[in-house]
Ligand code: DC
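Here you get one chain, nothing else, as structure tokens; it is the form predicted on its own.
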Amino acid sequence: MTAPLVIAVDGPAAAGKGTLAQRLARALDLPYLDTGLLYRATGRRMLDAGLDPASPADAQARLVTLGDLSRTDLRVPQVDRAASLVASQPTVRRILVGIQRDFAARHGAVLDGRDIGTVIFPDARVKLFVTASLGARARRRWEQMATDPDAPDREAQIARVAQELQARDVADSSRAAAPLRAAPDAIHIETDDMSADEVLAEALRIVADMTR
């Protein structure tokens, strides 16, 4: 019996991995999970409880369910920091690993995150590592969050976003628990000069090649 198809999509923030993973899941009729939202939900719970996200967060992590991922207040700056802090805690990661593995165990899935191909599903049949330059990522993130696309200080705002992303990269890459890195057998997709459609087409080609 063939194991369910699991596709790991890893990479740094704002590289386009979430967009790709969602579209890939729709194209292949697979469930989709943004695993980063599990850490955001844990960080959000810490903030809601009046707790410092740098303090032990395992009790709040145990309360997280897939239903938490539909909250509309998970992608805000204070949760960005909280998510990074709770994600650095090995106990939190162990708790949330179970949710991720259970999600894909029965029917397969496309999962995006930072350690899917290295820790969560090291035996995934397809592993993609999606990346882009810091400048491209900062511009994309700013465009996602901007309330005024013609703001006179647009470039200064984008520069601040770049600094925040760079700090997140350092934190994610240097943490002891499941640091951000590409699996040795992951196929890299650099998205600076690619449209979302081109990235999807390339990913579908890779999936087809690896699942023959």
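Predicted model, so just to flag it, every value in this text is computed and none were measured. Start at 1 and count along the sequence shown; that's the residue number.
Unshown form predicted in complex with ligand DC; subsequent notes refer to it.
Only one of A132, A109, A87, V126 comes within 4.5 Å of ligand DC in the predicted bound form through a heavy atom, and that residue is A87. Here the chain stands by itself, but in the predicted bound form one stretch of 142-150, 61-69, 45-53, 169-177, 169-177, has heavy atoms within 4.5 Å of ligand DC. Interface membership of R94, defined by any non-hydrogen atom within 4.5 Å of ligand DC in the predicted bound form, is ruled out. At a distance threshold of 4.5 angstroms between non-hydrogen atoms, A104 is out of contact with ligand DC in the predicted bound form. Taking the partner from the other structure, ligand DC in the predicted bound form has a heavy atom within 4.5 Å of a heavy atom of R114. Proximity of A138 to ligand DC in the predicted bound form falls outside the 4.5 Å heavy atom cutoff.
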